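What follows is a single chain, given as structure tokens, in the form predicted alone.
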Amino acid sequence: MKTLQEYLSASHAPEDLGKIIMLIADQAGPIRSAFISNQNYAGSTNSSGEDQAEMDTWADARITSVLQKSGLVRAVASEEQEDIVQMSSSAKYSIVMDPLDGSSLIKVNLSVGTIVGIYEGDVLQAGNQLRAAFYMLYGPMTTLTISLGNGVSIFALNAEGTYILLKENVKIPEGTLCGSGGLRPEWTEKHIRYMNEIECEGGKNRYSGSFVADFHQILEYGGVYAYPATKKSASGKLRLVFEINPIGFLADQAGGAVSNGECSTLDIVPTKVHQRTPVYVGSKGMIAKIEAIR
């Protein structure tokens, strides 16, 4: 079966880009092994004011360290770091990442993941400029879902520590799964109308609190994941740079779409590293539906 390394070669990925992808992919084993001894909160907060789990800081330090030592990376923007971390000025590629999405679920043994985007040049670029995006999902299997801008493929980590191809040319179907963050009393009228319409059409609610895990269900079965604008936060909760752009890029490459409810988030050039935006991501028809509501 085709391996991740063979996929990168067949896709003609530039040498340094391929090395960076493999370097981060190889951290899945150590990250997964660290779950048992890092179950609690770290007693610190990230730049967004959220409590950091021990695994948030552990995964962030681990990935940042290996990238720093590689000499292959220009800069790293991490959800767990207040500022962009500058590395090798002569390097071509910069990384955006959520080192451990859904970390509060580790204690109850639900799926979590690592989200990564790779740009040529600086990190504050529109998502449509990504050279690669992928996420590692730590569930019953450890999987890696990736796009280099030529479709989406899914790999699984086998017992020998090699990523082998599970699926290629993955496409998001027009499904009925739906999951929405935010407290219902704080939803806007537009979002209430949207969710009611989906539920009346037979939508099935799926929401775990792990963006990457919930999106993976949407990728497989179709539907929509949403974290909308609310009455208390017009910008929603999720970060454009670390979370929405890589996941949105993958959705687009799988024939789906991503939106803030008005337009594609992939066209937004971020002005700050921790910028937030509402998000709807999934089947193309589901995204067209929210954009049509005025």
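The numbering used is simple: start at 1 and walk along the sequence shown. Quick caveat: nothing in here was measured; it's all calculated off a predicted structure.
Below, we turn to the form predicted in complex with a small molecule, even though it does not appear here.
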>> Using a 4.5 Å heavy atom cut-off, which residue among T114, T145, S103, S94 comes into contact with the small molecule in the predicted complex?
In response: S103
> Ok, F211, Y135, Y119, Y194: which has a heavy atom sitting within 4.5 Å of the small molecule in the predicted complex?
Replying inline: F211
> in the predicted complex, does F249 have a heavy atom within 4.5 Å of the small molecule?
Replying inline: no
> Is L238 close enough to touch the small molecule in the predicted complex, meaning at least one heavy atom pair within 4.5 Å?
Replying inline: yes
> Is there any non-hydrogen atom of Y221 lying within 4.5 Å of the small molecule in the predicted complex?
Replying inline: no
> Hey, of 151-159, 123-131, 203-211, 69-77, which bit sits against the small molecule in the predicted complex at 4.5 Å between non-hydrogen atoms?
Replying inline: 203-211
